[in-house]
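Quick heads-up: it's one chain on its own, the form predicted on its own, in structure tokens.
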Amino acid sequence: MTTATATPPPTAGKAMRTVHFRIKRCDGPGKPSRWESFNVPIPANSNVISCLQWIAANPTTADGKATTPVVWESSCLEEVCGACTMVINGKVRQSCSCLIDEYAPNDGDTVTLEPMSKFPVIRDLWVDRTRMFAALKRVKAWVPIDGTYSLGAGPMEGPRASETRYKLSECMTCGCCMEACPQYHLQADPAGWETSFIGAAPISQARLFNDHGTGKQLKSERLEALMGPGGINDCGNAQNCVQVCPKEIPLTESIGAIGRAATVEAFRRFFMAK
């Protein structure tokens, strides 16, 4: 969480203009939302985070009223951690890589910021993504190795498989694919997570570890989790996920691959039970 300790964007040697920020705010879980507007001086090359830092350091609305600093979440500021996801001008994306010169190029332009709608709001633009991490546990998104002692060299991997899995490994659990998915709905009660659609990101992570030479030891368990309620069959194939992924991960390919693997697994279990 970032608060008023943030510093305003640099201004030295850069032409300034003013951009109007319209921000959806909420004081806490279960509390009503409201809109507040801020006029922010913008130097060239500013991003949304630097503007939020300026607002945090100068918490006064456009009509001159003092307010509390806007709360958001961020960490790496280079599109790696996935923490700063929010809805900007109606589209979900990372705020650290959103440049104001592209989204609001003219003096007096408006930028609208909202929290993601598919996750419970903690405060303002900060949401609780715990459900996403619970989904990774659900599909056992890890390699089952005891790292307390050396097990020797691992299985060899060819360049094609390595290239595919590297791209899948870039997932940063940002939540963009969930926000854009029409099958993924706000589910604040953890009791409903096991039966609600799990989303594209954990499905793709299941593919990542199923294709790993050692990780595939848990392949059957991962597929079992994705063959039940809320799994692969609940995907509506809208393909919104792949369009908004900031890392351009082939999520629809992963969904198709897991769907095929689940079909093979179902046949295997059927004939093994004979």
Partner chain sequence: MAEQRVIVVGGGLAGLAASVRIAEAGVPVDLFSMCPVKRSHSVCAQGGINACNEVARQQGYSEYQHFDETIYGGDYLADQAPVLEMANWAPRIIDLLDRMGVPFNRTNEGRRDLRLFGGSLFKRTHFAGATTGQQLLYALDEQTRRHEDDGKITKYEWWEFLWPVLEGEGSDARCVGIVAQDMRTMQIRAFRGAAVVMATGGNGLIFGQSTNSVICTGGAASRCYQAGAWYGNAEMIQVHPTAIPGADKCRLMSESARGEGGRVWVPRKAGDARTPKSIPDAERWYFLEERYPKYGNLVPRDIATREIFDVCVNEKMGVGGGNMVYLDLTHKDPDYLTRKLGGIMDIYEKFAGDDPRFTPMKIFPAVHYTMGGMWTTYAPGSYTPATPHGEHKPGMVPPVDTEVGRGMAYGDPRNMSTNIPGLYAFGEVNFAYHGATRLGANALLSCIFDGLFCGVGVVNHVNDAGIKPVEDVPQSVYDAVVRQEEAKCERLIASAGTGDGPAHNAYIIGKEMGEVMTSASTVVKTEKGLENCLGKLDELRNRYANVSLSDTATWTNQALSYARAVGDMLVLAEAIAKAGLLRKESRGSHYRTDYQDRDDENFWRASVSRFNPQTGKADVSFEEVKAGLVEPRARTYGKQANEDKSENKQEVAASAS
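Note that the rigid core is defined as the largest set of C-alphas that superpose within 1.5 Å between two forms. Numbering follows the first chain given and starts at 1. Worth saying up front: this structure is predicted, and the values here are computed from it rather than measured.
Missing here is the form predicted together with its partner chain; even so, the following discussion is about that form.
S.K.: In the model of the complex, which of 33-41, 219-227, 64-72, 235-243 comes within 4.5 Å of its partner chain (heavy atoms)?
M.R.: Only one stretch qualifies here: 64-72.
S.K.: Do all of 28, 126 and 133 end up near its partner chain in the model of the complex, with near meaning a heavy atom within 4.5 Å?
M.R.: Yes: each residue has a heavy atom within 4.5 Å of the partner.
S.K.: With the cut-off set at 4.5 Å between non-hydrogen atoms, does residue 90 touch its partner chain in the model of the complex?
M.R.: No, no contact at 4.5 Å.
S.K.: With a 4.5 Å heavy atom cut-off, would you call residue 185 a contact of its partner chain in the model of the complex?
M.R.: Residue 185: no, not in contact with its partner chain in the model of the complex.
S.K.: Evaluate residue 118 for contact with its partner chain in the model of the complex, applying a 4.5 angstroms cut-off between non-hydrogen atoms, and reply yes or no.
M.R.: No, residue 118 stays farther than 4.5 Å from its partner chain in the model of the complex.
S.K.: Would you please decide whether residue 162 lies within 4.5 angstroms of its partner chain in the model of the complex, comparing each non-hydrogen atom pair?
M.R.: Yes.
S.K.: Identify which of 105, 190, 108, 158 has a heavy atom within 4.5 Å of its partner chain in the model of the complex; exactly one of them does.
M.R.: Of the listed residues, the single hit is 158.
S.K.: Heavy atoms within 4.5 Å of its partner chain in the model of the complex is the criterion; list the residues of 70-102 that meet it.
M.R.: If the 4.5 Å heavy-atom criterion is applied to its partner chain in the model of the complex, 70-102 yields 70, 71, 72, 73, 74, 75, 76, 77, 78, 79, 80, 81, 82, 83, 96, 97, 99.
S.K.: After a core superposition, would you say residue 148 shifts its C-alpha by at least 2 Å between this form and the one not shown?
M.R.: Yes, its C-alpha moves 2 Å or more.
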